[in-house]
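Presented as structure tokens, the chain that follows is alone, the form predicted on its own.
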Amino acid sequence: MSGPLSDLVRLDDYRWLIPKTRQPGMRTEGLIYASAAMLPGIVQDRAHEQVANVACLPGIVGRSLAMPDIHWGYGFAIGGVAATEVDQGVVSPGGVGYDINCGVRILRTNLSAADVRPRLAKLIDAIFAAVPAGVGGQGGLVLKEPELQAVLRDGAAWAVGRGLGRPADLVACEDGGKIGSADPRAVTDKAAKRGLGQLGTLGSGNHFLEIDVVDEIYDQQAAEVFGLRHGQVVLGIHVGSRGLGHQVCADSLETMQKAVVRYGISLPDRQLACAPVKSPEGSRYLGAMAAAANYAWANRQVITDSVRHVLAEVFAQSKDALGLELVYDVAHNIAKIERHSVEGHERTLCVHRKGATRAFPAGHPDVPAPYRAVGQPVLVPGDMGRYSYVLVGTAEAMRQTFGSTCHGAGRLMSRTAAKQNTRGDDVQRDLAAQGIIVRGRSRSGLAEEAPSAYKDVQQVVDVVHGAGISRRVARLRPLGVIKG
């Protein structure tokens, strides 16, 4: 191998090593999960440089990791995973990102594609009208300050407690839809104000509401446990903590830039600004981040309630008759304090997952009881025109990646490049020719999210399946998509 790719050492068909000698300051190796065909794009994007930079973080344990949906991000590459020592290591907001707990959930239904097709346009229009979306979108639940504090503390449970969901929904959420260590007091007034009117809103960018059909089953046992069957219609909801989470990140980065100086931390990139996990700055960030994560879980829960009401109206059936049960809700951008075995020893680590998800195996106590026999559901959305996947976590992920895997397709083009290469009207027309109905708040937003702007999620999933860090269960094909 020559040229820029010579920095990478091929371990097998799915893993590429960045040696510790690549640049000064690396405390460990980097490891990228990718196929050979993906590597030139990753190097052109310079995302591999960010993997090497993360390897310089104080207290990093194991390798600096990147999933096959990797692309350039703030500090960490999107698709990056890194674990640090709680006692001696740091926490970095760049390892979580601005959209804290951007995550995805899937609801199963008792409907088939044949049931939905005749009413698909009506259904898409009704959901589009019921769920506020778009840049800065307001119009969700308008909260008063005490209510917001409860949302930040209790997450999805806040919504369920107010009749906006079912207790079973909480069982099917990562962490039960709530991080107990959340500290609403660590959220600034500026961030809190941004959250008062955005609960139950979709936002913009790659966030979506999607109606899919299960078109392939790979693991019948796991699919049955997850309640999935061939030809079944499911609904996906992808959104995070909105303006509140963005402001928490911005506020924390300002604090962390000062903390780097205070604690004498040397970094190759100022965007990796960080503080010791147990420092006042680190503790405050983790408390505020957890509060924003809880807001995101509550946000997805409120949207779920709206969607259930719409389906009941459109199909003139009760929500129970339609099914509409939550399969799972998984977080993408988050840092978690977790126990992991490292070289045969149990250690308490701060695991950063940015554009990556948990992939915990069968038997793990953090896997919801209904799924513990097979493993945690992993939800991997693709672009609007191809597929999404349901995977399952594996024991191999615990050995290789701190129980982590990919979170989506990953961008091939920046949003600016996508808008230069296509028009929103063309995206809508081309998808309609495939039988996919798309609604968006703006033509430019649809252009940014054109299928051509993304990697082929099937190739991404092939890598994580081949590497053994998650396993294919089912493939979903889009019927209708709503974008902000």
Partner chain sequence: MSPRPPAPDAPAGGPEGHVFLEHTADIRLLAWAQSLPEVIAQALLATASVLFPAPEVARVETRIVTLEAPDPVSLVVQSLNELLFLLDTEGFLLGQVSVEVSGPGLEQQKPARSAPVRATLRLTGDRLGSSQREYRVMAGLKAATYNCARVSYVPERRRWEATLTLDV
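Quantities reported herein were computed from a predicted structural model and do not represent experimental measurements. Numbering follows the first chain given and starts at 1.
Just so it is clear, the following notes concern the form predicted together with the partner chain, a form of the same protein that is not shown.
Student: Give a yes or no on whether every one of Thr109, Arg386 and Arg477 sits within 4.5 angstroms of the partner chain in the predicted complex by heavy atom.
Tutor: No.
Student: Please determine whether Arg63 contacts the partner chain in the predicted complex, using a 4.5 Å cut-off between heavy atoms.
Tutor: Contact with the partner chain, no.
Student: Does at least one non-hydrogen atom of Gln459 fall within 4.5 angstroms of the partner chain in the predicted complex?
Tutor: No, Gln459 is distant from the partner.
Student: Within 4.5 Å, heavy atoms only: does Arg415 come near the partner chain in the predicted complex?
Tutor: Within the cut-off, so yes.
Student: Counting only non-hydrogen atoms and a 4.5 angstroms cut-off, does Ser444 reach the partner chain in the predicted complex?
Tutor: Yes, contact at 4.5 Å.
Student: So if I measure heavy atom distances to the partner chain in the predicted complex, which of the stretches 305 to 313, 343 to 351, 269 to 277, 282 to 290 falls within 4.5 Å?
Tutor: Of the stretches listed, the one contacting the partner is 269 to 277.
Student: Quick one: from Gln149, Ser181, Gln220, Gln257, grab the residue that has a heavy atom within 4.5 Å of the partner chain in the predicted complex.
Tutor: By the 4.5 Å criterion, the partner-contacting residue is Gln257.
Student: Of the residues Gln198, Gln301, Asn101, Thr401, which one places a heavy atom within 4.5 Å of the partner chain in the predicted complex?
Tutor: Checking each option against the partner chain in the predicted complex, the one that comes within 4.5 Å is Gln198.
Student: At 4.5 Å, heavy atom to heavy atom, what parts of 53 to 84 sit next to the partner chain in the predicted complex? List them in sequence order, or say none.
Tutor: Heavy-atom contacts to the partner chain in the predicted complex: Asn53, His71, Trp72, Gly73, Tyr74, Gly75.
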